[in-house]
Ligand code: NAD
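Only one chain is shown below, in structure tokens, and it's the form predicted alone.
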């Protein structure tokens, strides 16, 4: 039997959930399909004067809400199927966490390590020009963001190029999120996806009933974790999990993997990799025979944070984790998940778990449209109220707070604290909505199907409210 493509796997999961809802089949067909696909070839001049043709895509999956929203990845593995799949996931992801965007995604087929910084800038600016030309970017149309192979620098180039070309320059910076803070970015965005993964895992581990079902005690403290991928998402997920009390026992990157049952010092591993160019031969850790072996390590929680299709029917029987937390998009194939489900493994699905990035991107978009950083209006007011409360406590009790203690208790929230608080609230609320839907669906239901049901219901409401599908 041929292996399903990424987009087919997303639609298979959609179909499984769609069979459980009561909506017009034509409405479900509308929700399922991609609304618009743009494929472009454009030339870029290399530093040596050669001209190279670059392929790129932008897919807008759903216009049930505008703008659409989704990242841009730079990778030689990019193709139309992948971009369509990621755009579809973004629609459902936004719906699950109540972010009012339709889903979109972009991809540029380049091996970024083979291009100079100047060449990457020319590629990014030309890609932006192509999107502007076809109206596939704009603060009220389609908002782009970073993804695999891109980051704040590329988003800054996009913002600058769009602002140069845009007619409405007042809100031009809101065409892209994940920008440097000095260009309208928001504090906390860089680590948002990894922090959201942490919040999601922490909340799942807090539910005693679900932990009993997988043979684990409630709480994150002391649980062993293995992470595949040390990019932005994997690094920050590992960092926050470790700070939250988990024990990091395995790490993998493209050059290989390491294992230390007693735990790894993440910062020391990163420093070793920067110095040597590899995770391997880290003092006190065992080198593993291949980066995929980290998926099979004995651990409580496995966090695949690299690329799609990492756990399949072939290796799922050897996965020893009790929780698989999808920090990447589509790391578990449909066939692989069926095996994990049969073995009683709890899978925290990507369309919920890695929604932290788009959640904080939403906050950044709001900030850019309002032209005001979060906390500016209320930080000092909150500090005065807190100070007056402490004054009253001191008068009533006779206790005197030390200056540093008073400062810590009085200080009002800054932008980063507010952003992180909003992200935590989003991830916690969304987890329980998905979990309650799973329980309502009955025995045999899983969190992925439940998340798709939640998403379908919310997208359907938008179409029905517009009177398109009565």
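Since the structure is predicted, the reported quantities are computational estimates derived from the model, not experimental observations. Positions refer to the first chain, counted from 1.
Keep in mind that the form predicted together with nicotinamide-adenine-dinucleotide is not shown, yet the notes after this line are about it.
Although the partner is absent here, residue 93 lies within 4.5 Å of nicotinamide-adenine-dinucleotide in the model of the complex, judged by heavy atoms. Mapping the unseen interface onto this chain, residue 327 counts among the residues with a heavy atom inside 4.5 Å of nicotinamide-adenine-dinucleotide in the model of the complex. When nicotinamide-adenine-dinucleotide is considered in the model of the complex, residue 254 lines it closely, a heavy atom lying within 4.5 Å. In the model of the complex, no heavy atom of residue 225 sits within 4.5 Å of nicotinamide-adenine-dinucleotide. The single contact residue among 359, 124, 354, 177, judged by any heavy atom lying within 4.5 Å of nicotinamide-adenine-dinucleotide in the model of the complex, is 354. Residue in contact with nicotinamide-adenine-dinucleotide in the model of the complex (any heavy atom within 4.5 Å), chosen from 347, 230, 211, 99: 230. The stretch in contact with nicotinamide-adenine-dinucleotide in the model of the complex, judged by heavy atoms within 4.5 Å, is 139-147, chosen from 165-173, 139-147, 238-246, 339-347. Of the residues in 186-205, those that come within 4.5 Å of nicotinamide-adenine-dinucleotide in the model of the complex through at least one heavy atom are, in sequence order, 189, 193.
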